[in-house]
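One chain comes next, on its own, written out as structure tokens in the form predicted alone.
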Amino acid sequence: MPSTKSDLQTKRVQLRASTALLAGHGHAHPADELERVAAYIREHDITPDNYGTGKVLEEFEREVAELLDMEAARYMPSGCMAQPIALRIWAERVGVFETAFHGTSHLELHEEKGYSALHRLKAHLLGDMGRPTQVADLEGLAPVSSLLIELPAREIGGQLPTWDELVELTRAARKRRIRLHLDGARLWEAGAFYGRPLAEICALFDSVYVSFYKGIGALSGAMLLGSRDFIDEATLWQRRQGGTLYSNLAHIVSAKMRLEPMLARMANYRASAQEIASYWSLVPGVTVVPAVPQVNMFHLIFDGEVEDLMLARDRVAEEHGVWLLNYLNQDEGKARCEITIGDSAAGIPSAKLEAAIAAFAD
């Protein structure tokens, strides 16, 4: 065993690099995607975008808008920029600078309250922290201009409301004249759960945000979609916030070339996640959330201390050649991690993976 914390970390980096990864799309060199992008640009004779305009950018915006059956789309560097802009626009239109979203929303937990500091919005946090937003959560809610719904909700293991629950929630919001915004950072993964076209899901909302670097695996970037006048306003806010970069060429091309083939794999990722979660459910002291994954993501909650669990992971990696966990967060005697299934798990034989997870229980 390494003698120092630094030695242990070095060993773990080396061990991870030599094993098959349970989560994600597998090992990759940082240059790999850039080389694929460069080859695509040469093959298709693509010219660069410039300050938010250009053929490749505008074609990609139209492509995504058509896919989701939205009137217009605007490419933005990040969801952290796109989503507060959407909520700001809805607030200004009715003069109500109050919005509502789930207590585990990315805007609340991971963006330093930018919606408040930059856009003067007050947020009402809705519902139980362990389940998706429900129509009952709107009862007693003060007047708000918008409701943000995340599909699927990452911080609770990728959970989703049923289709009927989602329709009921959006109808109830519309009766209150509340604008509906979809946090679709992982919308691509949700289609397999609902068994419906993505456009049918988006039709329930006034504005939609999607990400390209998560499930799609592109370099970075996001898209905000809505009516033409909404996108015109969003474009103005993007410039005000310094988001109209000189060029986003590599990011745009990375997303464009990945989108269609990655969408075709989402149902398989989900099926694989359900199979893998069933192996974990047999391990004593481990809780799978949700018990049956609804998308290609789930959370694992362990009894025990993080370092003990990390040592068990290291042992399994050495003995079985499978890297089961990337990280664990400690919280009140429990340890928690997120597993998102992609291409990597498909390369691990089921028997080998089942044996590795069973060995972790030891």
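Values in this document were obtained by computation on a predicted structure and should not be read as measured data. Heads up: residue numbers just count along the shown sequence, starting at 1.
Unshown form predicted together with another copy of the chain; subsequent notes refer to it.
Asker: Taking 4.5 angstroms as the heavy atom distance cut-off, pick the stretch from 271-279, 197-205, 211-219, 177-185 that is near another copy of the chain in the model of the complex.
Answerer: Among the candidates, contact is made by 211-219.
Asker: Another copy of the chain isn't shown here, but in the model of the complex which of G304, G321, P48, G26 has a heavy atom within 4.5 Å of it?
Answerer: Exactly one residue meets the criterion: P48.
Asker: Under a 4.5 angstroms heavy atom criterion, identify the one residue in A123, L141, L259, L249 near another copy of the chain in the model of the complex.
Answerer: The residue in contact is L249.
Asker: Is it the case that E71, even though its partner is missing from this view, gets within 4.5 Å of another copy of the chain in the model of the complex, heavy atoms only?
Answerer: Judged by the heavy-atom cut-off of 4.5 Å, E71 is well away from another copy of the chain in the model of the complex.
Asker: Please check if L118 has a heavy atom lying within 4.5 Å of any heavy atom of another copy of the chain in the model of the complex.
Answerer: Taking the distances in the model of the complex, the answer for L118 is yes, it comes within 4.5 Å of another copy of the chain.
Asker: Quick check on F193: any heavy atom within 4.5 Å of another copy of the chain in the model of the complex?
Answerer: Because no heavy atom of F193 falls inside 4.5 Å of another copy of the chain in the model of the complex, the answer is no.
Asker: With the partner left out of view, is R62 within 4.5 angstroms of another copy of the chain in the model of the complex by any non-hydrogen atom?
Answerer: The answer is no: R62 has no heavy atom within 4.5 Å of another copy of the chain.
Asker: Just to make sure I understand: among 70-84, which residues lie within 4.5 Å of another copy of the chain in the model of the complex, judging by heavy atoms?
Answerer: Sequence-ordered list: P77, S78, C80, M81.
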